[in-house]
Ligand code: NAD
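Only one chain is given next, in structure tokens, and it is the form predicted on its own.
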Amino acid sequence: MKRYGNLINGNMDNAGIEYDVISPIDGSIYAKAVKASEEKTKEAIDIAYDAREKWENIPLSGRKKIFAKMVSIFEEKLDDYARIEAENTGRTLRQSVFMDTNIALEHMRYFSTTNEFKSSRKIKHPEYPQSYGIVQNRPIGVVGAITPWNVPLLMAVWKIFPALLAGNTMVLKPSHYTPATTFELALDLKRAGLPDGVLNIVTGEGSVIGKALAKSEKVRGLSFTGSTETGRNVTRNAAGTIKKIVMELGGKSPNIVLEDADLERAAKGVLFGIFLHSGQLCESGSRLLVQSSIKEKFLRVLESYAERMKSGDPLDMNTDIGAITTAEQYDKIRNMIRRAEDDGAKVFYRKTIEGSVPKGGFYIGPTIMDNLSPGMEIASEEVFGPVLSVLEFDKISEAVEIANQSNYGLACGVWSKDTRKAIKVANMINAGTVWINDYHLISAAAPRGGFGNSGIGRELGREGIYEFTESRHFFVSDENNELVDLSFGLIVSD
């Protein structure tokens, strides 16, 4: 059984309360970890603060070389990472193999090779032709990062690599439910040559560690992924300090299927959009907005494909349906379905999985809810589970109105054979990412984030790197600058 202490200054620190890390596959104890205290978190912050100058002074090319070495290490251990992620989170091994680890690898490779980030650039001053400027993008210092329990490996990559590439140091808190791959990633980065103290990992209660990160004056930036309500608490805790905050929060993302869509392709995409990792993804397409003229036909196509999904042991490569990652989330999903039925919603489809999944695990069969109105809880609030809410519309303008009624604005899908029309619809949707005839695919080169209650700031792409930099300007003037001399003359005459 693996045991994880808190990784501080390159060493595993086992001081603290040890606890059991539970595998949602069968409820067994998967690993042991140690909860960090407020004092231990402050120690990690101090270490990261002291490591700033050394790391910042390593040139950008040197940081990339360390990342490139990490890419090689990770590539050799893909199967190990995939299994750890599946065992700790409950997602299927096939999803971990073909999505999580491969996406993580490509995103690490992007940040080890990208030329999108420039630490400085020269500019012209249009008003003062006898001068020029140097704009620098300097690291802000210590970045605090907080990741959720659903996709810990990818979230850790998205937090660590952009911030460190820009020259920052970091204290990262993974969820205490799913810390395993984050610790493995940090240990392998150390093997790749990352200096001690640049990346520190502390796990435990968000009310302790998250609060300490938010309130610390030494932490100059916060990167948080989690629920909208927790995001509000993080913001309140950070209010006494002036720091940059990037947040990717909740979502209630619509998948809009127009009557001219390829229904077979759209059905597969809608199911992929909601049932990947049992709906436990912030951008999951949990609202199906389907045009009335095709609704009944489309639901039958959805049902036929959903019936093909295989339940079983998530570690079997043939299994399609994974576990719910935490017992608390399992209870929350079941209660939301129950309340929806009490409010008059109908279960159009629920896959029977009893008897085919491991005993002791947390499982809910893929569920499709119909007979909904936009204001119902199940249709407007984030479920974070394998539940698809069906809403219908007649005109495209109605679909846009329903899609934008939500306070969230993380993602959206639009399905139509007419790409031009689909893009026109996408332009009217308030969402940070809109997929056209696709869903869930994420590029390291593209910014990711939400509108409204789905967050502020962006991750990934050059935007995600620049989030944790401060720009400054050097105004360089020639000695014989007539305009400058004229300006001086407003105060000091010859």
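Please read these numbers as outputs of a predicted model, since none were measured by experiment. The numbering used is simple: start at 1 and walk along the sequence shown.
Beyond what is shown, the protein has a form predicted in complex with this ligand; the following relates to that form.
Q: Between this ligand and Lys211, Thr230 and Leu410, in the predicted complex, does every residue show a non-hydrogen atom at 4.5 Å or closer?
A: Yes.
Q: Considering this ligand in the predicted complex, find the one stretch among 161-169, 140-148, 255-263, 370-378 with heavy atoms no farther than 4.5 Å from it.
A: Going through the listed ranges, the match is 140-148.
Q: So in the predicted complex, does Phe224 come within 4.5 Å of this ligand, heavy atom to heavy atom?
A: Output for Phe224 is yes: heavy atoms within 4.5 Å of this ligand.
Q: With the partner left out of view, is Pro366 within 4.5 angstroms of this ligand in the predicted complex by any non-hydrogen atom?
A: The answer is no: Pro366 has no heavy atom within 4.5 Å of this ligand.
Q: Might Arg91 be said to contact this ligand in the predicted complex, defining contact as any heavy atom within 4.5 Å?
A: Contact check for Arg91: no, nothing within 4.5 Å of this ligand in the predicted complex.
Q: So in the predicted complex, does Val219 come within 4.5 Å of this ligand, heavy atom to heavy atom?
A: Taking the distances in the predicted complex, the answer for Val219 is no, it never comes within 4.5 Å of this ligand.
Q: I need to confirm a contact call. Of Glu87, Glu392, Glu248, Asp100, which residue comes within 4.5 Å of this ligand in the predicted complex, counting heavy atoms only?
A: The option sitting close enough to the partner is Glu248.
Q: Can you pick out, from Leu388, Val414, Val290, Met155, the residue that has a heavy atom within 4.5 Å of this ligand in the predicted complex?
A: After the contact test, the surviving option is Met155.
Q: What residues, if any, in 302-338 have a non-hydrogen atom within 4.5 angstroms of this ligand in the predicted complex?
A: If the 4.5 Å heavy-atom criterion is applied to this ligand in the predicted complex, 302-338 yields nothing.
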